[in-house]
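Listed next as structure tokens is one chain, alone, in the form predicted alone.
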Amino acid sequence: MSVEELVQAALRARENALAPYSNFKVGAALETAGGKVFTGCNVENATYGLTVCAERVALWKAISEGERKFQRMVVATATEHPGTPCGACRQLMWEFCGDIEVILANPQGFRENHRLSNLYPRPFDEKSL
């Protein structure tokens, strides 16, 4: 799958976000090493604490379908400079995906590529135990 196709999948997932409190809709598209794509959107609730981020939704969907190897994720927001994954998402992405490519995108055509290690330079993992 091309990067642009993956970006479009994340942008489509963003449209399904349920963000009645923050109005901050996020979509994610996670590509496996085998080329399968799993999407997710953020889902808010009144407590905020039980809100689930788009990145985690995509990751949980992939893992629940038996996937264990991933190559890249697109995170899509509608802000001028697209948002990055939150700390909790970075932690889980590191543990389950390793140093994958992370592409930040918005509907206006902004694209920015990172390695997860650049966004999360000192992760807590099994080496920390």
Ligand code: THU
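Everything quoted here is computed from the prediction, not taken from an experiment. Residue indices: 1-based, along the sequence shown.
The same protein also has a form predicted together with the named molecule, omitted here; what follows describes it.
Proximity to the named molecule in the predicted bound form, taken as heavy atoms within 4.5 Å, picks out 44 to 52 from the listed stretches 94 to 102, 44 to 52, 61 to 69, 29 to 37. Although the partner is absent from this view, F110 stays clear of the named molecule in the predicted bound form, with no non-hydrogen atom inside 4.5 angstroms. Though the partner is left out of this view, A88 does not reach within 4.5 Å of the named molecule in the predicted bound form, counting heavy atoms only. Residue contact check for N16: none of its heavy atoms lie within 4.5 Å of the named molecule in the predicted bound form. Among heavy atoms of S117, none comes within 4.5 Å of the named molecule in the predicted bound form.
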